[in-house]
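Before any questions on binding or motion, here is one chain by itself as structure tokens, the form predicted alone.
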């Protein structure tokens, strides 16, 4: 492999304990890989060149661990981080795996479950901050319904809002340097998950008491499950100042959550995603929430992890080439040409601009007749990606 595509700390590539530690179990088959310990996973990630490791609380500390067990596990994990130089940029809580959360966590109809979910999350926030996390992700995998007879969705949203408001105040009260990132998904494991898209999350955030400290963590596969354009979702989050974290993987449109290696399916879409992130100067972590094919042993898992990072770096290089390609630049200049004839209408609203715009004469036929060379532009993009430019 070329040194040009070797990951460096500056690239901020991260993986979760649950990603490279995935043991290959699925609804139709037993595990195919042994369970690695968190310490082993840290060393595996260091070997492939990752920058950081993220975790759910119970990826690191089993849900039934004693306080003594918890302290030993955390100490061993911290020692592995120190040995390898990996960092923990993000943490989250598993509020979906235990049977207690079968009807949701923050949105459960059972008030005791809702209280337990808050308790569990506060303890997990403490753990994440203890290990250096600056971002805390919320994925409400069980926050939804199979039948609308079971739960009023307005009640569900109200309960979710109350929980996040409570937890925001907890973080502020503790003096933690931490922000929240909400992760949307349309379905699976629930039939319908509340707030199913990044856009829905962005709207919901504005109803929170501390909306300034809450953003989003969009995931490629989750938007593709709903047949949506992920780059557009990321752009909306960025433009709103809410792109606090991002989950990179890949996915065939309309399928179950596949979590394939980044760029493995929709390469052109992955290219435009990387191009967007690099063009706008996104400075956050690039987290790969994906896992290796079930066919792989742990050498194959390393190939998977290296492949995620390598593909990102290749596409980063391609995006620079795209931006500097003379023919592409010429086409973009032609497409976006401005002869200055509408300057009087640009900028903020004013009565003078309204009057000028109402009096302006436009050649509607000529506007409709103008050709836009998007076919050529797209073909040049394909040729660049295929190495012909």
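Positions refer to the first chain, counted from 1. In this text, all values refer to a predicted model and were calculated from it rather than measured experimentally.
As for the form predicted together with a small molecule, it is not shown, yet the points below apply to it.
*Asks:* Report whether the minimum heavy atom distance between residue 143 and the small molecule in the model of the complex is within 4.5 Å.
*Replies:* So residue 143 does not count as contacting the small molecule.
*Asks:* Can you tell me whether residue 107 touches the small molecule? I mean in the model of the complex, with a 4.5 angstroms heavy atom cut-off.
*Replies:* No - in the model of the complex, heavy atoms of residue 107 and the small molecule never come within 4.5 Å of each other.
*Asks:* Does residue 139 reach the small molecule in the model of the complex if we count a contact as any heavy atom within 4.5 Å?
*Replies:* Yes.
*Asks:* Residue 247 versus the small molecule, in the model of the complex: is there a non-hydrogen atom within 4.5 Å?
*Replies:* Within the cut-off, so yes.
*Asks:* Quick one: find which of 195 to 203, 67 to 75, 159 to 167, 182 to 190 has residues within 4.5 Å of the small molecule in the model of the complex by heavy atom distance.
*Replies:* Single hit among the candidates: 182 to 190.
*Asks:* Can you pick the one in 276, 176, 96, 293 that has a heavy atom within 4.5 Å of the small molecule in the model of the complex?
*Replies:* The residue from 276, 176, 96, 293 that makes the contact is 96.
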